[in-house]
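For reference, the chain that follows is the form predicted alone, supplied as structure tokens.
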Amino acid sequence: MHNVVISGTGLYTPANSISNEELVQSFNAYVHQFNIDNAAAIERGEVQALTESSAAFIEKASGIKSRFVMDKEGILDPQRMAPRLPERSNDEWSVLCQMAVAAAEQALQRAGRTAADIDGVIVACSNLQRAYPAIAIEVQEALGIEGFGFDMNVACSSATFGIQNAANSIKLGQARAILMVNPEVCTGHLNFRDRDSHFIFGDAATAVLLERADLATSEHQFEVVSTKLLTTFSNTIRNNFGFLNRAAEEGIGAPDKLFVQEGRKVFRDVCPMVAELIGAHLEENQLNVSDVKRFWLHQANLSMNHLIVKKLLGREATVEEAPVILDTYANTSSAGSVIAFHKNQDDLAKGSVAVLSSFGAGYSIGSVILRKC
């Protein structure tokens, strides 16, 4: 059995950002036109009038102020309200591959590694743009890595689940190093006409390089002390889009073919589950919550993160203890906790214990205990 370290992380951030004010202007224009077009039906009580939103409402509800996106123009067009990402030929790298490679190259550089040092690629994300061939194998080809690759999806927890898969392969001697990447075009499955959720997501890609501790030479190493995963079935976060939609024409274009959730129930269900899992995970490793210098949590909702850490610490966490990137990136699904990790790790002292945790649809929860080398 080999000890495993994270030796490098990488981040791809799209060039375009949308502020709450810009998003609200587009949404309210759509609402205004919808209410005019359906005035008679609304008057008869057959159609419910839509309600405008505000930047203040979005920030209060989520903590989000802006989000990076792969396409800004299509999202802000009140007649479209969806990103415009033209199809590419089979001879071109896919959108997810392009994003993943950009993040991966940064992780390799930070770890002081090249493609020749890597034996496997895992693409772990919420939404894969095709069934096959695997995006991971495409990324493997684009980077020139010899070995294996596969895709996996555990929604917003995909990164922590991917880390456990990679770490276990390395522990067992099946690979020297594995690149785990999380390309997320979350705006592609977001209903920008839904007042309760149109502001939630942004786009980004992250990468984590894991390798055998005895082979690692990076200055940015974190020992993977332990991983712990949990899933329990729930319909409160769901996306019913899939290849069988064409076999049931009555459902094509229905709202459930995009992201849907019962936000308040998710909040009530998930927060105690995450705090309990992290607490139990630390105890299993003879660690106290007070030993943890940093929590890199899934960046879905600021109030959720505050409550989870408060349940663990018994007090409010400082911004140093639980860094936030949600305000500028929004919810980037599996990439969120890794962005927080990537941007807030270098100041930790050697020997510092930290927790990387994600939670989302499933429900799925992952906890990774790390120690700065």
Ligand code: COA
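One-based numbering along the sequence shown. This one's a predicted model, so the numbers in the text were calculated from it and none came from an experiment.
One more form of this protein, predicted in complex with the named molecule, exists but is not displayed; see below.
Heavy atoms of F259 reach within 4.5 Å of the named molecule in the predicted complex, making it an interface residue. Within this chain, E92 is remote from the site of the named molecule in the predicted complex, having no heavy atom within 4.5 Å. Mapping the unseen interface onto this chain, N35 falls outside it, with no heavy atom inside 4.5 Å of the named molecule in the predicted complex. Residue contact with the named molecule in the predicted complex: S66 places no heavy atom within 4.5 Å of it. Interface residue among R264, R246, R130, R88, judged by heavy atoms within 4.5 Å of the named molecule in the predicted complex: R264. None of I237, I118, V154, A167 but one reaches within 4.5 angstroms of the named molecule in the predicted complex through a heavy atom, and that residue is I237. Looking at the named molecule in the predicted complex, residues S54, A61 and F199 each place a heavy atom within 4.5 Å of it.
Note that among 301-309, 343-351, 35-43, 66-74, the stretch whose heavy atoms approach the named molecule to within 4.5 Å in the predicted complex is 301-309. Shown here without the named molecule, the chain has only N331 in 315-342 lying with a heavy atom within 4.5 Å of that partner in the predicted complex.
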